[in-house]
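Alright, two takes on the same chain below, each alone as structure tokens: structure 1 and structure 2.
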Structure 1
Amino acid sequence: MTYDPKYENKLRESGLRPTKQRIKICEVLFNSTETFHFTIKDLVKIIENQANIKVSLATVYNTVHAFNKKGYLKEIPINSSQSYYDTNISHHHHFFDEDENKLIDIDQNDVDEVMIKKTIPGKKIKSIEVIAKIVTDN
């Protein structure tokens, strides 16, 4: 079977075979150029509503994990019972709206580059994330 090569490549490069279920996941995640912040539950709900096929939770989890590992998705560090992912993998940061439990992008240009002077012997910095928690301003 052949699939949209756009998605097929992403999958193969993430170490996954293209299958109906995974292509469907790709369609939801990568169809639009817009940033998309989601939890696994969100993703499953969207697939259920759109799709003619059923995708099991296990498949959603392992596909998202593979994309995250490969760097096609980014997991956002926030304290929440669920993991949040972002389809915008460019270097940028986030507001986390604590009233609504919602992430909002902060463009790279809206934050001066974070310079960390401290170093740890034998370790290198893999990523730097800025999370600004916001609440209603009264």
Structure 2
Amino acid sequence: MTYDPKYENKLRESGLRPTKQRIKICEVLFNSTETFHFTIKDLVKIIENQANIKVSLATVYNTVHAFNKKGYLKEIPINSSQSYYDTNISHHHHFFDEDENKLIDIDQNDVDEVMIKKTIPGKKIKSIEVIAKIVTDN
């Protein structure tokens, strides 16, 4: 079975064999003009609703992690047990709305330079990403 070459290539470059389910994951993630944030469970629901096909949580998890490792997606850890993924891989920051469990982009120009005064021997800072957690103001 042949698939869209751009998705086949993206999967192969990520070390994955193109399958019907993985192609559908690619279509949902990369066939949109708008970037978006998602959890693994969110993505499973989107795929099943849009494509009307069953896809296992493990397939989505493994595919997303392969894309993240390759740099096609960005992981945004919210806490020790919750991560979101972003199809916008450019350098930017986020608001995390704790009331709605929603991640919102903040443009790089809307955050002043962050100064880190501590260093860790043998390590250098790769990037600084701000996540501002927000709640409804009562």
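Residue indices: 1-based, along structure 1. It should be emphasised that the depicted structure is a prediction, and the values quoted were computed from it without experimental measurement. For the two forms, the rigid core is made up of the largest set of C-alpha atoms that agree within 1.5 Å on superposition.
Of the two copies shown, the second one, structure 2, is the form predicted alone. After superposing the rigid core, the C-alpha of residue 91 moves by less than 2 Å between structure 1 and structure 2.
A movement of the C-alpha atom of residue 82 reaching 2 angstroms or beyond is seen between structure 1 and structure 2 when the two forms are aligned on their rigid core.
Fitting the two forms on the rigid core leaves the C-alpha of residue 104 displaced by under 2 angstroms between structure 1 and structure 2. CA movement of residue 52 between structure 1 and structure 2 equals 4.6 Å, with the two forms superposed on the rigid core.
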